[in-house]
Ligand SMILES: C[S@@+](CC[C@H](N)C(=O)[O-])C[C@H]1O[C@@H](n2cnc3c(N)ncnc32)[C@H](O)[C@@H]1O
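The data below hold one chain only, encoded as structure tokens and taken in the form predicted on its own.
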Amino acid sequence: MARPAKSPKTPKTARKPPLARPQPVTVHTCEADVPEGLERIARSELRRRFETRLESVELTPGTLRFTYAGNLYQLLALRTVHAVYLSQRYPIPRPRALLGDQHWRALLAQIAAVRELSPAGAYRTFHLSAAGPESSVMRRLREALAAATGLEPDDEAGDLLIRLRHPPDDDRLWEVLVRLSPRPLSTRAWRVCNREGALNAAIAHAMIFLTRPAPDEVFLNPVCGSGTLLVERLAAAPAAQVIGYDHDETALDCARRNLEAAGLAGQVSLRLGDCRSLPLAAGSVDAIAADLPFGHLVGSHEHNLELYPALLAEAARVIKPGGRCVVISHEVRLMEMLLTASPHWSVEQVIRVAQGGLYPRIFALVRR
């Protein structure tokens, strides 16, 4: 007897994968040390890079305090700050309460979040910066931190920098700030050769920002020294041509080493020459940045009386009309006198900035 034909099976509908749940975004309170005078420029960089992830930004002299929703590792790309810290406030009456179980676990988690940003072995020592460093409480904290982290305490400086203080706006709390990197961000890894009076890299990057770098420009650094401005120019944006001049062959060798360490060998034309008489055609340069000798560690005031007017005149010759020239100098009165009398330069702004105990000025100029 024939079996009845089976009715065709209705194909099963493919199961849709469950919708991925959005991952919660961690919100961090951070603080950045900034060269005093460059707070607004540092804030501009912060907003340019992380506009959608910032919830608040507060400026005080030498400091940016901000709330950031995102990966802490990305903050290590900031170039106009000295250092960035992860901040956490603790509702405790005295620092010794940090050793209590709840607060101690929170502190170790804060430290672990920072250490995860760097390769294994990047941290070997730590430094606890606080008032009364030799008190019994601070000694107990150092001993407990050494045991918990496996790091050696360092009384002068450490890879892991921990700052303990009252918050500026509430002396009833205590705040712990942990630096996000084993060394300051302004201490660039590419600096393998240093020279006396070398420009701080964070200040150099701010100067490049003021030139408004463009990818099709010819950029000139007429007294390039160890190459800080050259490296920071290429870190900011591509360029059609980057040229560095110095009258000292040893300075050019130093700049060459730093450019190689930065992975920029071959992207900069380093040339031996006098910044007062450059073998460049008139109007052949789009932007200029220079760290002029302060007359302290480098050069002398008497030499600057001859150098400065000649350099400003030569810069005016080689730059295009409307081109930007940004220089830093501690010879404030001399620069003000020369610029007041100059038919070539308009002063866009002057910024007083702190560097190494001195307060030079950044002059942002536009060729008339």
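Nothing here was measured: the structure is a model prediction, and the numbers come from that model. Position 1 is the first residue in the sequence shown; the rest follow in order.
Missing here is the form predicted together with the ligand; even so, the following discussion is about that form.
Should Ser226 be counted as a contact of the ligand in the model of the complex, where contact means heavy atoms within 4.5 Å? So Ser226 counts as contacting the ligand.
Under a 4.5 Å heavy atom criterion, is Asp274 part of the interface with the ligand in the model of the complex? Residue-level check for Asp274: yes, a contact with the ligand.
Contact with the ligand in the model of the complex for Leu307, defined as at least one heavy atom pair within 4.5 Å: yes or no? Heavy-atom contact with the ligand at 4.5 Å: present for Leu307.
Verify the contact flag for Val218: yes if a non-hydrogen atom of it lies within 4.5 Å of a non-hydrogen atom of the ligand in the model of the complex, no if not. The answer is no: Val218 has no heavy atom within 4.5 Å of the ligand.
Heavy atom within 4.5 Å of the ligand in the model of the complex - the one residue of Leu292, Leu177, Val81, Leu128 that qualifies: Filtering the options by heavy-atom distance leaves Leu292.
Please tell me which of Ala198, Leu210, Leu86, Leu164 lies within 4.5 Å of the ligand in the model of the complex, judged by heavy atoms. So the residue touching the ligand in the model of the complex, by this definition, is Ala198.
Heavy atoms within 4.5 Å of the ligand in the model of the complex: which stretch in 110-118, 239-247, 94-102, 148-156 meets that? Contact-bearing stretch, as computed: 239-247.
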